[in-house]
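One chain is shown next in structure tokens, namely the form predicted alone.
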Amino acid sequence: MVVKAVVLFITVVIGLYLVIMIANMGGHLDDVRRAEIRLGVATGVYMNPANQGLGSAALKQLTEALVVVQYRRYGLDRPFWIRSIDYLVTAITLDLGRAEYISSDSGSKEVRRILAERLPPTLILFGTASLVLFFGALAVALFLSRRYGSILDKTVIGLAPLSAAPGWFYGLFLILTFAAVLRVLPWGGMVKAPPPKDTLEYALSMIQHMILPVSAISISVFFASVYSWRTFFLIYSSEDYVELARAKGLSSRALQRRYILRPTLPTIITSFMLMMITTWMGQIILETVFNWPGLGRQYLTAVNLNDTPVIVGTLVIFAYLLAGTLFLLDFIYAIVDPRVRVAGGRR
């Protein structure tokens, strides 16, 4: 487990450094910022009525002095490769500094506060969708494995290609159908405006606003999961020990729970985790489509504004979440399969 944690950490570090290089365009973005700072300072100096009596040489000297101050303020007086290492260290330690353009809802410019406000909505939405999807697809896959070849089985399996499209794609159709045409469900934000003061009313409003985005995420993965997991169940149900248990008169439910579901759970969990990691990639667009106040929407705003600290900070959180998911996978294996030891190997 220690080796795996170290490998995941190294992977996160390499990935973050590549993100920093890409977000700063290999240092080219620093040149753009220097030009913006120089233009802004020069405009302020030459338009200031208090400087009208100064000559051109004095105005130029004042402009250069103020430009140097601004360069030092944003760290642009140092080479980019040194600043990239500083970015990496601060990103890993979550000491993310201050945003350049974006503010939190409370008015703070600290990246940590900005992300702390956006992380809970993302975890609530994604966590709820994951639970609904996992247990829903698992139940349907078990049900269909007992009715192999039925009309319902063929219908659900025929819908498997629907999972090829991302969640935000289905989100557009769900919004058009249930929010714009039928007007039975809201789609914008996490709760209605103004937010309810009563805790129960607030929770009910949040659940109502989550129906469409959770449905969009589920549709994008549900049918492929059912198809894959149903296949696993059918493969394991043909094993000799299952046939022997069936011959002993074991009930269908007990047979599936003890001899089919349990040995397939590690494979199913791995498949589910990989699907969820892929789904994370579309979370940015999905939150934007549903106007959900999470990390994905914040990231897109930061990209549009070239706010590098917020971009890097958001990707740091996503990297830690993905690495944590992979790290916890071994512990989940140990729970669902007693043969697996957390320290490595099998009993």
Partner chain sequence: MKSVLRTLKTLRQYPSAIAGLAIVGFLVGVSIYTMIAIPYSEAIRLWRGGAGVWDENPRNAAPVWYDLLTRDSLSRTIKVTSQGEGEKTITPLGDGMVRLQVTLPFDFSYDTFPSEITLYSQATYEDTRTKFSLTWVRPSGTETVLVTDRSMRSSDGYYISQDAQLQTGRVAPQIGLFSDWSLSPGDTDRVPEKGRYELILETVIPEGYEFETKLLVYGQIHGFAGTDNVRRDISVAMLWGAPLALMFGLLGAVGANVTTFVLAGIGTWLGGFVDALFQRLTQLNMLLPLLPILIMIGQFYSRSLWLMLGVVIVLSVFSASMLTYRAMFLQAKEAPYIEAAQAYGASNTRIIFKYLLPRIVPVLLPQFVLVIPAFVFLEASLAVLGLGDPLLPTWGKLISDARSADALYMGHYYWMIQPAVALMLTGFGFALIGYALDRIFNPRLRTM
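All of these numbers come straight from a predicted model, not from anything done at the bench. Residue numbers count along the first chain shown, from 1.
This protein has a second form, the form predicted in complex with the partner chain, left out of what is shown; the following refers to that one.
Enquirer: Check for me whether the partner chain, as it appears in the predicted bound form, comes within 4.5 angstroms of all of Leu138, Thr199 and Leu265 - heavy atoms only.
Expert: Verified in the predicted bound form; spot residues all out of contact, no.
Enquirer: Indicate whether the partner chain has at least one heavy atom within 4.5 Å of a heavy atom of Tyr299 in the predicted bound form.
Expert: Yes, Tyr299 sits close enough to the partner chain in the predicted bound form that at least one of its heavy atoms falls within 4.5 Å.
Enquirer: Is there a non-hydrogen atom of Gln52 within 4.5 angstroms of a non-hydrogen atom of the partner chain in the predicted bound form?
Expert: No, Gln52 stays farther than 4.5 Å from the partner chain in the predicted bound form.
Enquirer: Flag Phe143 as yes or no: does it have a non-hydrogen atom within 4.5 angstroms of any non-hydrogen atom of the partner chain in the predicted bound form?
Expert: Flag for Phe143 set to no.
Enquirer: With heavy atoms only and a cut-off of 4.5 Å, decide whether Asp95 touches the partner chain in the predicted bound form.
Expert: Flag for Asp95 set to no.
Enquirer: Just one of Tyr259, Phe178, Phe169, Phe222 has a heavy atom within 4.5 angstroms of the partner chain in the predicted bound form, so which one?
Expert: The residue from Tyr259, Phe178, Phe169, Phe222 that makes the contact is Phe169.
Enquirer: Could you tell me which one of Leu131, Leu185, Ile124, Ala160 places a heavy atom within 4.5 Å of the partner chain in the predicted bound form?
Expert: It is Ala160 that has a heavy atom within 4.5 Å of the partner.
Enquirer: Of 202-210, 224-232, 77-85, 105-113, which is the one stretch near the partner chain in the predicted bound form, taking non-hydrogen atoms within 4.5 angstroms as near?
Expert: Heavy-atom contact with the partner occurs in 224-232.
Enquirer: Where, within 284-314, is there a heavy atom within 4.5 Å of the partner chain in the predicted bound form? Residue list please.
Expert: Result: Ile284, Ile285, Thr288, Val289, Tyr299, Leu300, Val303, Asn304, Asn306, Ile311.
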